[in-house]
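Only one chain comes next, encoded as structure tokens, the form predicted on its own.
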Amino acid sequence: MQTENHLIRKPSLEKLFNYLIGNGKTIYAPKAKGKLVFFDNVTDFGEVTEDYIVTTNSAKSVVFPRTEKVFSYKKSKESTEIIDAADNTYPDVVLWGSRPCDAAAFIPLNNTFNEDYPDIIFNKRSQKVLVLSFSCSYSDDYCFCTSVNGGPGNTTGSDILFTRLSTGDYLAEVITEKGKLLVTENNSLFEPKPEESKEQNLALIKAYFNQEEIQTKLQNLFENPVWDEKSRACLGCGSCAYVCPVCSCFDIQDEAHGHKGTRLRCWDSCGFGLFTLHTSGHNPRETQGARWRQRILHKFLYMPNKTKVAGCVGCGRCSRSCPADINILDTVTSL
């Protein structure tokens, strides 16, 4: 659909939030916990914080939980009963206050979980999510969304994008039918579009590299010494993958208890030493340099070659969370 622009006053935002709560929606929003801000379940508008660049964790767990039941089973002498999680009814979820980079990350996630065949559980969760994002009015040195075809006011992946204006009110860009339905249901809260420009209220984020250029360069850098050089400090802890809004590696674990059990899908990371370990004992990526190379090539070469969309949205969470202060932007600009 064609984007529709409206003005929404700041007091009306709280009314919109309360409407969603009153209609039984589960809302995840930025919530302060000490000095950090996390996406967390909130039930009151007062819990939502506006003072953040990006949350410490990403929003991907809304559609791809850290640990998720795939199915469970019960065995008897006569038969085995399978309880498939794909048959579950999933709740209506609102992602309130995501940044444009968070919303954009749903595109490569969707590509991954529908590449070979549709992942029913992922798709059922995704269909129930309403993404209400807020543009970035400021940034820090870790942000590089403009280098990966994003931006502080990018609408990709959002149902509605709110941009705070100099008056304290908001421009509401309605991007999808989901967003339009919400506006229709709350028509009294939305006014004709404001005269003020959106762009003058956005953060200025430098473009450090060009996505197409780095794809070309990476094709010939498989044996480059930069991989070992940049990975020497890496602890292999997986923090970067766990906070990344795009990383989607998972492992399958079975938990059996007598005649019943559960199959679980759990987050994993190509940065872990056991990730590619064969039963024979051979490991094709036995060094941290080889694992760091895989991470960069996957995000900036393999994924865009397959789907035309990079596996990185430039949020900088991986670099902020790294206990060894390894910066993905530093590696890519070095290349």
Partner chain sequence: MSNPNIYIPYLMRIEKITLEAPGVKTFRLKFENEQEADEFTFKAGQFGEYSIVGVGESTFCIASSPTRKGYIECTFRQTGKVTNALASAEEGDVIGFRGPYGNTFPMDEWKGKNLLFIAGGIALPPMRCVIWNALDLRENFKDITIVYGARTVADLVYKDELAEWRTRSDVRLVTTVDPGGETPDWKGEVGFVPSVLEKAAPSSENTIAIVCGPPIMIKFTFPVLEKLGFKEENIYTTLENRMKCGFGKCGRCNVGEVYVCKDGPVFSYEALKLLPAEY
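Please read these numbers as outputs of a predicted model, since none were measured by experiment. Positions refer to the first chain, counted from 1.
Heads up, the form predicted together with its partner chain isn't pictured, but that's what we're talking about next.
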Can E173 be called a contact residue for its partner chain in the predicted complex at 4.5 Å between heavy atoms?
no
Any chance T279 has a heavy atom within 4.5 Å of its partner chain in the predicted complex?
yes
Taking its partner chain as it sits in the predicted complex, is K180 in contact with it (heavy atom to heavy atom, 4.5 Å or less)?
no
With the cut-off set at 4.5 Å between non-hydrogen atoms, does T26 touch its partner chain in the predicted complex?
no
Within 4.5 Å of its partner chain in the predicted complex by heavy atoms, the stretch out of 206-214, 182-190, 127-135, 105-113 is 105-113
Counting any non-hydrogen atom inside 4.5 Å, which residue from T155, S248, N201, N149 sits next to its partner chain in the predicted complex?
S248
Stretch 264-286 - residues with a heavy atom within 4.5 Å of its partner chain in the predicted complex
R265, D268, L274, F275, T276, L277, H278, T279, H282, P284, R285
